[in-house]
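What follows is one chain in structure tokens, specifically the form predicted on its own.
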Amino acid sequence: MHYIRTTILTLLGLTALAVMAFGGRSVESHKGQVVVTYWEKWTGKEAEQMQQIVNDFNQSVGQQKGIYVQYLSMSSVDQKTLVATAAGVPPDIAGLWNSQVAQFATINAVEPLDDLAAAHGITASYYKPVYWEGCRFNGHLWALISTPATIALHYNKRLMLERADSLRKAGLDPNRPPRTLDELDRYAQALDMVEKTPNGQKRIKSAGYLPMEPSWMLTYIPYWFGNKLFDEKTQKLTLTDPDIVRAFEWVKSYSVRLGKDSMTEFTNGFGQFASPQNPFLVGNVVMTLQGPWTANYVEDLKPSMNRWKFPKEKEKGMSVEERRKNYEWGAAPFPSAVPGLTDVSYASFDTLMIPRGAKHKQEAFEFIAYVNRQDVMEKLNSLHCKNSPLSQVSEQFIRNHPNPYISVFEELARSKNARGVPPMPIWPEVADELGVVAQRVYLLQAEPKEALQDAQNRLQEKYETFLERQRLRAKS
């Protein structure tokens, strides 16, 4: 069995450390303990921070209960987990994404957690509803959460004040963010800095807002237009509904107003999100749609934005409101296109799942339950600069969080208008297709209605084929 496990791990391209996770040396060094293998996707600081949580467990609950968690960071963790599970040598815990809950549950790749969670007192009331529902599919619980997030409008307060005259001329207030989508568009246009080249072309120096920055958020833009993307009752995608067409028409409007070529040239100069050339950090865009982790990236890549008025050390003991005054940026709910539809957000999360056939389910869940303890969850999500998925949140978590706007993300997570991924097993494929639609629309290569109709036809057919295959497998 050791040979088979080592061979599978080698085929997966894992490191020697991974082989040790299954091999004799690691087990020998923890005699009397059950070794729980945990595969996770994070790298860099996020991986190191999760290692802190693993170490805390091993030195406390794990030591008391004879459990040792062996943690391994890796790329393509979803694919490697599926391969290892199919081969009968899965890890005991896999750190995956919310988009894979329905997918992995449907293909019988993970274990249901209902009984284990109930035995540890983890029920619906323990979680914010949007996150609890995201962990469930077809009446069962398949995952719990490590780190969650909601997304919100981030805006550069300093740049808004520097361009106050332009905002006031448009009848807008430079001291607050937009509250409706119409206002967002007006703020964006007033904040744009565009010049004409000698040949009469537009050259964008700075944009107030761009829907495609970042592009991965475009998949969920229909939430702010009042659509859920998928009808659970009919099991039909809703990509051709008028409000979704309207959402993509809105994306297109920015390309039309700024000019496709000018905008493409402008965005081609953007740096990666996790780099000092991040367009929000360098002022290329004044407003952007992002998650609470932004505060950590600002601190790492452009700390001056977190020290606008005074040195950071002075923040100790200050109220949240006082701390916010020291930040050049702010965060607020992204405005909706629908009157009366407020506090809309996409709620994402990282999951902890137990792959089908895992050897140490009980012990694996001891670690998952530990991560979901309020004190541990708040420590992890403070380190990762995210909100909490739990219904109860301490005042200390809010007051000392590295993001002084974390209460904005907490309130969005509690909102009845917070939305997760649609509960359909092929959602990762749908999301990829919608990303292509968004790109074609903002490059003016396709009309929104036609592009969405094509996507609807292809994806609905794929989904129905997938369901039929699952029915045939169930019968065999």
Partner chain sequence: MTRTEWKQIGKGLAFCSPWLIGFMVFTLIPVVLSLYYSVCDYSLLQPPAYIGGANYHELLDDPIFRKSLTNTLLYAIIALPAGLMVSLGLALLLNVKVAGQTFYRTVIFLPSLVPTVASAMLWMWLFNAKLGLINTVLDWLPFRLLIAGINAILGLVHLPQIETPIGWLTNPAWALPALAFMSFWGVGHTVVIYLAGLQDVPSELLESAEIDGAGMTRRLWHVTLPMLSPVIFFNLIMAIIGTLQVFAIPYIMTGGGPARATYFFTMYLYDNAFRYLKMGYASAMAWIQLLIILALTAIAFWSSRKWVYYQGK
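Remember, it's a predicted structure, so these values are computed and weren't measured experimentally. Numbering follows the first chain given and starts at 1.
There is another form of this protein, the form predicted in complex with its partner chain, and it is not shown here; the text below is about that form.
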Given that the partner is absent here, does L82 sit within 4.5 Å of its partner chain in the model of the complex, heavy atoms only?
yes
Residue contact check: R440 to its partner chain in the model of the complex, 4.5 Å heavy atom:
yes
Considering non-hydrogen atoms and a 4.5 Å limit, does its partner chain approach T240 in the model of the complex?
no
My question is simply whether E429 lines the interface with its partner chain in the model of the complex - judged by any non-hydrogen atom within 4.5 Å.
yes
Of these, M193, I107, V320, V338, which has a heavy atom no more than 4.5 Å from its partner chain in the model of the complex?
I107
Select from the listed residues Q396, S125, Q272, S304 the one whose heavy atoms reach within 4.5 Å of its partner chain in the model of the complex.
Q272
One stretch from 258-266, 147-155, 369-377, 286-294 that, in the model of the complex, holds residues within 4.5 Å of its partner chain by heavy atom:
258-266
Scan 357-382 and write down, in order along the chain, each residue with a heavy atom lying within 4.5 Å of its partner chain in the model of the complex.
none
